[in-house]
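Only one chain is included here, represented as structure tokens and corresponding to the form predicted on its own.
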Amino acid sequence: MSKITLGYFPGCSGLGTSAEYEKSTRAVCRELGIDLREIPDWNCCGSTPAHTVDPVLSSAFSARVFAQGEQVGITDVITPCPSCLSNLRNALRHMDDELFAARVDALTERPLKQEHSIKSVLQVIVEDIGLDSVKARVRKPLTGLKAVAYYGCLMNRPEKVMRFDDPENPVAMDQVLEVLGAEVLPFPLKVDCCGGSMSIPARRSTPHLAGKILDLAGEMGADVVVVACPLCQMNLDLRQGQSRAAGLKYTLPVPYFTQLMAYAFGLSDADTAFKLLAEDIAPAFTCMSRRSDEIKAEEARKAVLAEEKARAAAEKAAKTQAGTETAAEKQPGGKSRANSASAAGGAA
């Protein structure tokens, strides 16, 4: 497998609340041949608070990240966090305006001299690495696991900024989970809001919004709700106690897609980092194992039936052939004609 080298921006949550995302992302990228060069002395990109208060200051935070990368020859960057991705992309877009860029440069005193790009880890895996390469790394298929992919508001929207997948019905994470062997359920709330950062100023709203997502996933028979956003993961996983108080009926683990990739790749517990989830994923794997055994038993049963059917068909064909030959021999002169033909062949 050929390797690619990209700059890496972990984002602030990667060092704390989404440490499991950070650990599994690095492990998965290593296995897929993505060499991550962490941007030296990176800083917060300005998401979420800064861009709501001062877009110039927020863009200056992002511009400094790119400037730090540029200093060591990094211009193509990836990040696991959709919120960071959105802020970094918006900063580049805003800085296409010369007057806006001049205000940013006045704050950073480090004008960018090169073109820069920023993608999500999911986008790079799907578009640059490819699903075939992902499938080739699978050692422990997720056969029997029923999953719903939850994208949240920012991974694919707004479309003109994110430019990846469908903004209303994204499928990239679904496709990754499918090549890992999971059964991905069609989920109508895959881009509904979980409450986002409103969990701080409007604490009563988030448990209801997150609870609606979890309850529908549970009603559909999902074992896990798979995410790619640290804020979504926090609201759906860490706040399930609040959602239960607001009427939540189902308890579901909420792993990152990279954690399930690391597991399917057969990587270590340290790489999957499942222990850092608030809700235990063990029950989901128990269901997966049971269904996997059932699937294998059904496949074995079908294989036996197919073998028996093929054997019966072969026996029937043999009997039909034997009956045809017997009937031919019983025809008047049939045997003599055959003998004459045999004798004629010997004389020749």
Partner chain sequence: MRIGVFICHCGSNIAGTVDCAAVAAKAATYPDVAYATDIMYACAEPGQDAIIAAIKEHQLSGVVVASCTPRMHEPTFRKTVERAGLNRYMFEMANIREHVSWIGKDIEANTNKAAELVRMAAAKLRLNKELKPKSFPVTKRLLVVGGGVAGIQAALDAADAGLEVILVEKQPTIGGKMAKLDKTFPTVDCSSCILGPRMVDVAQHPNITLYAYSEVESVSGYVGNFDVKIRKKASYVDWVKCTGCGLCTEKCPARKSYDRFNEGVGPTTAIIIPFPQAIPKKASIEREHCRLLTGGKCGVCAKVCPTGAINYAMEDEIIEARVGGIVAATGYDLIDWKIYEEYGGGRYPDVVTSLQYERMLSASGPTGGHIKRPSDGVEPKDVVFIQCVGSRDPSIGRPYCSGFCCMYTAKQAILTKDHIPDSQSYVFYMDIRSPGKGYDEFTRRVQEEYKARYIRGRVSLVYPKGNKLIVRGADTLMGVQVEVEADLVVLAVGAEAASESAKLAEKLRISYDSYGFFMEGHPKLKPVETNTAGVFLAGACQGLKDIPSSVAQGSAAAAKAIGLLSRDMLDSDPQIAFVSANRCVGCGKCIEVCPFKAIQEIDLRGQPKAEVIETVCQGCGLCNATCPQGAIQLSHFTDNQILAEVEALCRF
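Owing to the predicted nature of the structure, the values given are computational and were not obtained by experimental measurement. Positions refer to the first chain, counted from 1.
This protein has a second form, the form predicted in complex with the partner chain, left out of what is shown; the following refers to that one.
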Residue 169 near the partner chain in the predicted complex, any heavy atom under 4.5 Å? yes
Hey, in the predicted complex, does residue 269 get a heavy atom within 4.5 angstroms of the partner chain? no
How about residue 221 - does it come within 4.5 Å of the partner chain in the predicted complex, if we only consider non-hydrogen atoms? no
Contact with the partner chain in the predicted complex for residue 188, defined as at least one heavy atom pair within 4.5 Å: yes or no? yes
Interface segment, criterion being heavy atoms within 4.5 Å of the partner chain in the predicted complex, picked from 172 to 180, 210 to 218, 261 to 269, 124 to 132: 210 to 218
